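Below, in structure tokens: the form predicted on its own, a single chain.
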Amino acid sequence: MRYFIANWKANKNLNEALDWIDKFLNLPSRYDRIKMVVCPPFHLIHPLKLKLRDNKFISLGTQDVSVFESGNYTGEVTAKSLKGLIDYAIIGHSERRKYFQESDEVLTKKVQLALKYEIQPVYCVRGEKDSIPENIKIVAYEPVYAIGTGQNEDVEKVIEVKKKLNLSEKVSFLYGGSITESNAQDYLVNSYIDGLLIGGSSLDPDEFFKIIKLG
């Protein structure tokens, strides 16, 4: 299975998101052996869920989940509240670690809550020194210097990190960091890499589609 995960980060309003979906669905696609996941901001999940209710090939995910299960935590979005709306959750993204000082303890709790409510974590690591919680099935390696900089990491270095992580053969390993149409194939032709976590290039449906076609 090849994963193509679109991380929209803090981008798009409702009209822009619906327009993205309309344009993408009008593109001539093939879906065999491919899992596509779109991770919009929280407020766009439900309208996109309605938009995709008859589509079997695009799953929805979230860019984060709360460390709390429920309660008086104004502004938090919990895994419990997201159950049934999404299938995946990005957890541990380097931007969350950097700007919100998320610790391994916090991230492990988020993973546990996601799994409790039947949401598959896409667990991000910055390198082999980051610990990985139990029961993770998808790991995304995203070197910090490559996020949003246009400086993607060499495939050889990506593979080296994967080997040092000592992942089970059952774990899917993705790469994320300045992915574009011009460099995506370098990763996708390699059997060590099971897909891509795509940020900036996923904001344009045509560019995202061009990358998927390479898979």
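In this text the structure is predicted, and so the values were computed from the model without any measurement. The numbering used is simple: start at 1 and walk along the sequence shown.
One more form of this protein, predicted in complex with a small molecule, exists but is not displayed; see below.
Colleague: Tell me the stretch among 101 to 109, 126 to 134, 139 to 147, 69 to 77 that has any heavy atom within 4.5 angstroms of the small molecule in the model of the complex.
Modeller: Looking at the other structure, the answer is 139 to 147.
Colleague: Quick check on G61: any heavy atom within 4.5 Å of the small molecule in the model of the complex?
Modeller: No, G61 sits far enough from the small molecule in the model of the complex that none of its heavy atoms falls within 4.5 Å.
Colleague: Using a 4.5 Å heavy atom cut-off, state whether K12 contacts the small molecule in the model of the complex.
Modeller: Result no; K12 lies far from the small molecule in the model of the complex.
Colleague: Can you work out whether I179 and the small molecule are in contact in the model of the complex, taking contact to mean some heavy atom pair no more than 4.5 Å apart?
Modeller: Within the cut-off, so yes.
Colleague: Considering non-hydrogen atoms and a 4.5 Å limit, does the small molecule approach G200 in the model of the complex?
Modeller: Contact with the small molecule, yes.
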